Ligand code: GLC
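To begin, one chain is listed below as structure tokens, in the form predicted alone.
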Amino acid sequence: MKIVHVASELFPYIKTGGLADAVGALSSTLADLGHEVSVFVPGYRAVVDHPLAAAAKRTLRLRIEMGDTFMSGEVVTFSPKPNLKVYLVCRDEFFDRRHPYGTSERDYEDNHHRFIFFCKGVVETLRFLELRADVIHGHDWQCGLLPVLLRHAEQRYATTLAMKTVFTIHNIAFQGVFPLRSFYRTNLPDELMGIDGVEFYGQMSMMKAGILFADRVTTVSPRYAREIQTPEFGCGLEGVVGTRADDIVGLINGIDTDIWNPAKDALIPAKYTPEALAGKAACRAELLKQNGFNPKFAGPVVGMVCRLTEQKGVDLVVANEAFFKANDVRFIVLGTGDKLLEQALRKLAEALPGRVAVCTRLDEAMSHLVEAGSDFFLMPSRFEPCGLNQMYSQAYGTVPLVTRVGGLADTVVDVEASAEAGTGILFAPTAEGVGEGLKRALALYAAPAVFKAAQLRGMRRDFSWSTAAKAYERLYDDAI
């Protein structure tokens, strides 16, 4: 098939979270399976300057209609591997910035203009280069307008740009909601501005557009597909999602086993496998050492790597300060995000300097070391569409402690629920639930044989994209 992915992030070029990993690994795996794959991403400075994009060539000059004016841009392309081509939609005014969406304090005020331009640039490139895709697959709100812009261009120019469109909701909490007056930049018919179109409580929602106008809608786990049809998790869009109940499907993401694999991970000090676990002890000692702890510490080590946001349940961990005071564990947190949550974690570390370490930075090497060197990996998310770290953890023999939500519940089997298949510990997304999960972790660690069995079962599970990508192949085939 000719498959086009469109996303605002793409690993290894630009990444703020799991979206980049998912799009990068899925597109690469589909290319390996023999499909002709293209990926469109904004021409951020970080992407343009990336060493892997050094051979990029200008392919097209753009003149994009944006309301009552035209804006110029260009498209540059490069091919990182056979069957895979990356297209960068460039306009320095919009994308030559340090961060893709905004600063840590606030989003860029012109994000609606930036991503309307991006989606229109994709459509124009498809038209001028006559790519004629079988499937165009857009990801999250930044690409929400793509399906309707695509079909509008086909009508306007009497052409076919794609047989089918797919839209994936990676996180429905981020909806691309902007003042309704910005709709004029789309140049779409006025009737699409109403309640049956992009209007959402007097504003414009790009996420809503993707849900309504794509041929198929997916989420990144089966449970999340059900959750977002409820008021608790739908973030106000549950009614809109419900209208597509027959067309929505949850497909679990995979992990890139070329990158996240303890048997060949270049970022950890010692490699290991289920048959030879000695290297994990060396990683554990190095993790403790790098975070100021005694590398010979014998008690449980709990790691956590995430964006420091309310969604990730960081405050639920801080609320369990009494647990860390009462129990001889080592807790290591890596991440950046909300300044108040960063401060709360630092206060916890200052209060318990011998037990808690906090690294508020982006550090890919340290994230691998936390996965490899921890005994338990904590994910106390209030909601989690899919999650990747709980899969990384199982691959690295690190027992996941996760809330019973979304993709976490779909990918972790509780050790108490199944003695034969259990790989982790699940609990409620509350402060009390987190505390209970941590106590259960202590009990599991105190039973070495049971703990090791859970480790090994996790390491032997197949979370690879070779499995996940085949589910997308079936979806595309079915849609067509």
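Residue numbers here begin at 1 and follow the sequence given. Bear in mind the structure is a predicted one, so any value in this text is a computation, not a measurement.
Here the subject shifts to the form predicted together with the named molecule, a form of this protein not shown in this document.
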Thinking of 146, 206 and 209 as the candidate spot, does the named molecule come within 4.5 Å of a heavy atom on all of them in the model of the complex?
-> no
Looking in the model of the complex, any heavy atom of residue 10 within 4.5 Å of the named molecule?
-> no
Is there any non-hydrogen atom of residue 119 lying within 4.5 Å of the named molecule in the model of the complex?
-> no
Would residue 125 count as touching the named molecule in the model of the complex under a 4.5 Å heavy atom rule?
-> no
Indicate whether the named molecule has at least one heavy atom within 4.5 Å of a heavy atom of residue 136 in the model of the complex.
-> no
The named molecule isn't shown here, but in the model of the complex which of 165, 403, 186, 171 has a heavy atom within 4.5 Å of it?
-> 171
Contact residue in the model of the complex, from 182, 320, 261, 311 (heavy atom within 4.5 Å of the named molecule) = 311
Pick from 106-114, 69-77, 196-204, 381-389: which stretch has a heavy atom within 4.5 Å of the named molecule in the model of the complex?
-> 381-389
Across 220-242, the residues having a non-hydrogen atom within 4.5 Å of the named molecule in the model of the complex turn out to be 220
